[in-house]
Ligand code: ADP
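So this first bit is one chain, no partners, the form predicted on its own, shown in structure tokens.
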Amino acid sequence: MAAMPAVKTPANIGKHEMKLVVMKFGGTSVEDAAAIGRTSAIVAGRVASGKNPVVVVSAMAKVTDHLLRAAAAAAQGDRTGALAISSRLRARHRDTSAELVKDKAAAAALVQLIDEKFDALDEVLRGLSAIRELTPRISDQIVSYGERLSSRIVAAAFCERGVAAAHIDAREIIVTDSEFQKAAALDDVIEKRATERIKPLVAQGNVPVMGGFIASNEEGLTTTLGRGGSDYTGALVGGALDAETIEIWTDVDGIMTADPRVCPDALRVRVISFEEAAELAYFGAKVLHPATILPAVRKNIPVLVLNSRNAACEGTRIISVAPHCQSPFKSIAVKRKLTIIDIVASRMLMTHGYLSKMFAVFDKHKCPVDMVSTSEVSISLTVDSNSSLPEIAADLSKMADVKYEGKKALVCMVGEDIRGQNGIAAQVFNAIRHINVRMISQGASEINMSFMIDEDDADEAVRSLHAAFFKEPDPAIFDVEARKRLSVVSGQ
């Protein structure tokens, strides 16, 4: 008797049999009917090219902000104000779905679902206005409605346009601990669930669509991954499925050499390393969430940053080892709204355990430190400006003299082997010699040179540095053709 062919199960549907690509679309890529239409066309194009997309979407642009405002209003007892915000959001989602879905039965079902979700949200807001205590758990429940609704609308829009979409509640796949508002992912559980629930749908020719940012703990309670967490969801799913690539679709052409709003002649970076991208993300670059690429790094999955408004652009490719760049830097990022804390203790600094006690204060208040500089009798460090600063200063004052100064900005310049380039620091500080520099950090990283300045000087510093270091960019790494086109258009 001939041997029976092997049966394909979720566990043995392999990467070699699928061309899995996880496509995450940000809020501006699903902000209205026109944007969702563009997103549908992009996904349909991937399907037509033989790829197997898994789609992750953010809430529609600004929806999360409005939900947070509704929650805050309800917590203050303003039930009318909270429900008014919810009513406006309900109308926006209904109007968008009506533009996208013309099939009467499908449209009616979608509107009914939207109304059910908003009815449930209104009940939560009414309850919150009664108890007037906005806990992290309730906050996560409220903001989750953004992605829960957008993913349903996007899936329906795909089906309307001939893409066989299958909606999945992300909370059934992305499982976390119970740290509400900034939950940590449980990778093993996510991988098991993604294999069991997503791969079979893909094998049947479907395009799974799920919300980003939202998750659940092992008890099934809704959690979130923190603001910007939709990128992280995309990377978690990509890592769990061993995807070929992870695509982050936003409203810019990719990672740029600087913020184009500050430097109109900023260049698109064609290719960059995981390590460099992580530094930029942490130190203020808005394109990526800092944690996004961690699952991709672990699985060595390339990440593409692409523009849903300019799908023909090749974007930025983030890989484990980028090709050598002739230019000293790849990009300049700025982290604003920082505070410098100066701690002076002339007799205690060299005492055993002193630094540990100092940093224990920041740990107690869950306040991350960006930069540290020490002398014989003092420590200067920088933190995000936040409401805990008076409490932090009070605790530190028990051990030393403390003062702090806000409205600072950290400028971070990222490139390869900065530490090994003779004279590079002199070139950097010569370019900004007209700006007062408060703190400097270079030794901690081979790819990062950072310094602290007044926030009001940040834009001028970036423009001066960009003019100095991107005059003759390496065409293998940067899109110099775009600069040439810009020059022709502007008549220069």
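On a predicted model such as this, the values are computed, not experimentally measured, just so you know. Note that residue numbering begins at 1 and tracks the sequence as displayed.
Beyond the structure shown, there is the form predicted in complex with this ligand, which is absent from this document and is the topic of what follows.
Only one of T292, T223, S331, S151 lies close to this ligand in the predicted complex, with a heavy atom inside 4.5 Å, and it is S331.
Residue-level contacts in the predicted complex: of T250, S86, S144, T176, one residue has a heavy atom within 4.5 Å of this ligand, and it is T250. Taken together, the three residues G45, P53 and P302 lack any non-hydrogen atom within 4.5 angstroms of this ligand in the predicted complex. Just one listed stretch, out of 251-259, 125-133, 397-405, 90-98, contacts this ligand in the predicted complex at the 4.5 Å heavy atom level, and that stretch is 251-259.
Interface membership of T28, defined by any non-hydrogen atom within 4.5 Å of this ligand in the predicted complex, is confirmed. In the predicted complex, this ligand lies within 4.5 Å of some heavy atom of V287.
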